[in-house]
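There is one chain below, alone, in structure tokens, taken in the form predicted on its own.
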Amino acid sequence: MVTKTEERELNQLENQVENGGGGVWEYLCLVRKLKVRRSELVLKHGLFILNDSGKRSALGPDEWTLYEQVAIAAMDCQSLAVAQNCIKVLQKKFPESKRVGKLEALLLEAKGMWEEAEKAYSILLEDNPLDQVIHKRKVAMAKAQGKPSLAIEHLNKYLEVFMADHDAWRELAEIYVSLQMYKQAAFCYEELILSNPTLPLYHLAYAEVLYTIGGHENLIAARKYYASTIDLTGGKSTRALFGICLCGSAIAQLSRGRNKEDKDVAAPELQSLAASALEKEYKQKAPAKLSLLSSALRSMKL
């Protein structure tokens, strides 16, 4: 993750380069170091260096790194002819390189040649079955083709090996949610909470999935995770506060006709506290919308 200091440094250098103040190579190096995407500027200024034989030769071995960087930026910008020319130069210099092989597969993917790209990635995986980048490219290709079931299959196989990859678990959960496979999504968020129990984002997402599934037990659990989100954020999650109100209202409806001992005695007090906190926050930050909030809370009988 890029820190505020690094982002400020990058933006300053970017302004300097864009205004003709020099520092193009330093800017390109910093973009690469921070692993950020500034594709249009990388393409523009990278080609400026590569098209000047003097500037290019002054880079020494870094010339090939720049060819790679520009090739990727060109694919991002759909300048596929430029990407192909850069890759050809790298192929000539490093004919047996697996790293260049990845660029070739990426170019096939950028052209929409899915079958050819899939074959290229499969060949690369035969040489290195633990290459995480290639596994993730296969997931991205499945999503790009509108094949979420295939993306799920690739992610599940990937997570059998790389079980600690939080981003992969989260991506899998989001695909399940998009397909309304909420129980499977809930399992993914449980894994994320177990591995990182202090991150409120996972608690909130899990609560929302449980609320969507519905049922008395799931709603009780959803309210619990909305409450933990509020605790972890120091009371600053508006979404979680509203979630507690929604859970309380839904639980009250399901509890009608139940025995007194089965009723949710914690709901009224917790809902009241959440509603008060919401009204206070809206008064401070969005007073014009306070009437809308009050109306919504009234509809939930709060």
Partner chain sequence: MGTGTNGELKYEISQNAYIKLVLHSLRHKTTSVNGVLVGRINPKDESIVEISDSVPLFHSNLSLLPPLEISLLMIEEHYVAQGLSIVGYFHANERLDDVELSGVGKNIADHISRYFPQSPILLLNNKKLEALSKGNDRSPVMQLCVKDASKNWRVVGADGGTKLLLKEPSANVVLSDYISSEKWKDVVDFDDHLDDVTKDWLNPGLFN
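Take the two forms, find the largest set of C-alpha atoms that superpose within 1.5 Å, and that set is the rigid core. Residue numbers count along the first chain shown, from 1. Treat the numbers as computed from the prediction; the structure is a model and nothing was measured.
Separately, the form predicted together with its partner chain exists; it is not shown, and the next lines address it.
Between 118-126, 210-218, 87-95, 100-108, the stretch whose residues reach within 4.5 angstroms of its partner chain in the predicted bound form through a non-hydrogen atom is 210-218. Residue 40 is the only one of 62, 40, 52, 26 with a heavy atom lying within 4.5 Å of its partner chain in the predicted bound form. Remark: residue 202 does not count among the residues lining its partner chain in the predicted bound form, judged by a heavy atom distance of 4.5 Å or less. Among residues of the shown chain, residue 156 is not one whose heavy atoms approach its partner chain to within 4.5 Å in the predicted bound form.
With a 4.5 Å cutoff on heavy atoms, residue 252 does not count as touching its partner chain in the predicted bound form; it lies far away. Remark: residue 18 counts among the residues lining its partner chain in the predicted bound form, judged by a heavy atom distance of 4.5 Å or less. Annotation for 131-165: interface residues with its partner chain in the predicted bound form are 143, 144, 145, 146 [heavy atom within 4.5 Å].
When two forms of a protein are overlaid on their rigid core, residues whose CA moves 2 Å or more are considered shifted, and residue 78 is one of them between this form and the one not shown. With the core held fixed, residue 14 shows a CA shift of 2 Å or greater between this form and the one not shown.
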